[in-house]
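Below sits a lone chain in C-alpha cells, taken as the form predicted alone.
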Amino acid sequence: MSIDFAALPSPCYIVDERLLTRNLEILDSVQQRTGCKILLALKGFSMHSVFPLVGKYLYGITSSSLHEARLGYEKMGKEVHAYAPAYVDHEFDELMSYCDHIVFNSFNQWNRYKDRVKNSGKSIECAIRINPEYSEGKTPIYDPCYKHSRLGVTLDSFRPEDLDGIDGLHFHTLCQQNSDTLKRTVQVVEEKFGEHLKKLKWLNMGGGHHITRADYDLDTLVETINYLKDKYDIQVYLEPGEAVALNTGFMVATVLDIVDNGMDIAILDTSAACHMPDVLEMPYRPDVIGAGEPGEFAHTYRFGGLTCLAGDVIGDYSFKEPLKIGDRVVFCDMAIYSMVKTNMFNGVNLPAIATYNEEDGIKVIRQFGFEDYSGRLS
C-alpha cells in the first residue's frame, strides 16, 4: 500500500516505518553475524516517536550533547554513549547520569574528568577518540581527518601512560562510504594503535557506514568486524546515523507560485535553508518523486524556498507535465540530517512530522506554530 501524500499537511516530513524496519533488519543481521553492537547516532536521526521500533533491533544511542544523551535515555532507555570535542563543565555531572559510555576527544579532557567519572557512583566505561590521519572523504567539511582537524588524538599526541582507566578506543573517519573504505582504514588503525587495542575492552568504529545502501558490501563489513574480534578479543561498536533511516523518509511540499526569470521558478512552502540545510551545506540535490534531471522531460523548473535568502534554492527538476500552483511535490530521503537540522530563519514554520505503517496508516505526530518560534527567542 502506498502513502497518500495528498492527505498530509504541507510541508511535512513522513517516515515510512516499513522502510525503517527493513533497514533495522539489515543492521541486525550484521549484529547477529558478528556479535557487534550497533547504536543509533542521534546527530543524524532523532525522531523519538520511532525509538521504540529502533530499540527492538539496536543496542541504544550515541549522543554528542547533553540534550541528545537525555533524549536517548528517556525515550529509548537502552545504552547511552556520548562523545563531544569538549564537554561543558557545568553539564558533565548530569551527562554522566544518562551515560554508560563516554568518549573523550583528548587526554586533557580525560584527565580533567576521570576522577568525576570514577566517583560518579555508577559504572561508566571511557574511551579516547583517535585520529588515524587516514580518510577517503571528498568533502573537507565532513572529513574528520582533514588537515588540522580538532577531532581525535593523532599518534604523535597519543599518551599510552594516560590509558589507566580507559576501556576502549573510538574512531570516526567515514562519511557515506562502503566497507572497502572501512577495511583500509582499519589497516591504518592497526598499524598505529594496534598495540593498545590488545589491552582494551572495545573499539568503536563510529558512523559513516552506509550499511543499508543497496550496493553496500555486507560481507566485507562482517569479515572486518570478526577479524578485529578474533585478533584483539574486543567488543566492536558501530554508530551509524544515516544507515538507520536512509531512504525511509519523505518531505511533502506545495507549489505556492511559479515565476519567470529566464526559466520557470517554482516557489514552494518549504526552504532549503530552513528545512533541508544539507542541500546548501553538502551541497546536494535531493530526488523528487516523478521528476527528472533538468531538460530530461518537457518542463523544467527551479525549486526555490519561501525565505528572503537569495540562495534558498533546492535544485532544478523536469516534469512530463507542467506544474500548477497547489501541486504537491515529494522529496526523497528526508529523514536523515533534515529534521535534526531544521531552523526557523525568517520565522518560517517547521514542517509537521508524521509516520506511516500499514496498521495505523498515516499518523501526524506533531505540528508546529508561533509558540515554537517565539520560545526560541527572548
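Counting begins at 1, following the sequence as shown. All of these numbers come straight from a predicted model, not from anything done at the bench.
Below, we turn to the form predicted together with a small molecule, even though it does not appear here.
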(message) Even though the partner isn't displayed, in the predicted complex is residue 303 close enough to the small molecule, meaning a heavy atom within 4.5 Å?
(response) no
(message) Does any part of residue 129 reach within 4.5 Å of the small molecule in the predicted complex? Heavy atoms only, please.
(response) yes
(message) Please tell me whether any heavy atom belonging to residue 337 falls inside 4.5 Å of a heavy atom of the small molecule, as the geometry stands in the predicted complex.
(response) yes
(request) Would you check, heavy atoms only and a 4.5 Å threshold, whether residue 47 touches the small molecule in the predicted complex? (result) no
(request) Note which of 72, 152, 207, 249 lies within 4.5 Å of the small molecule in the predicted complex, where distance is taken over heavy atoms; exactly one does. (result) 207
(request) Name the residue from 41, 36, 314, 329 that puts a heavy atom within 4.5 Å of the small molecule in the predicted complex. (result) 41
(request) Look at the stretches 286-294, 114-122, 164-172, 229-237 and give the one with heavy atoms within 4.5 Å of the small molecule in the predicted complex. (result) 164-172
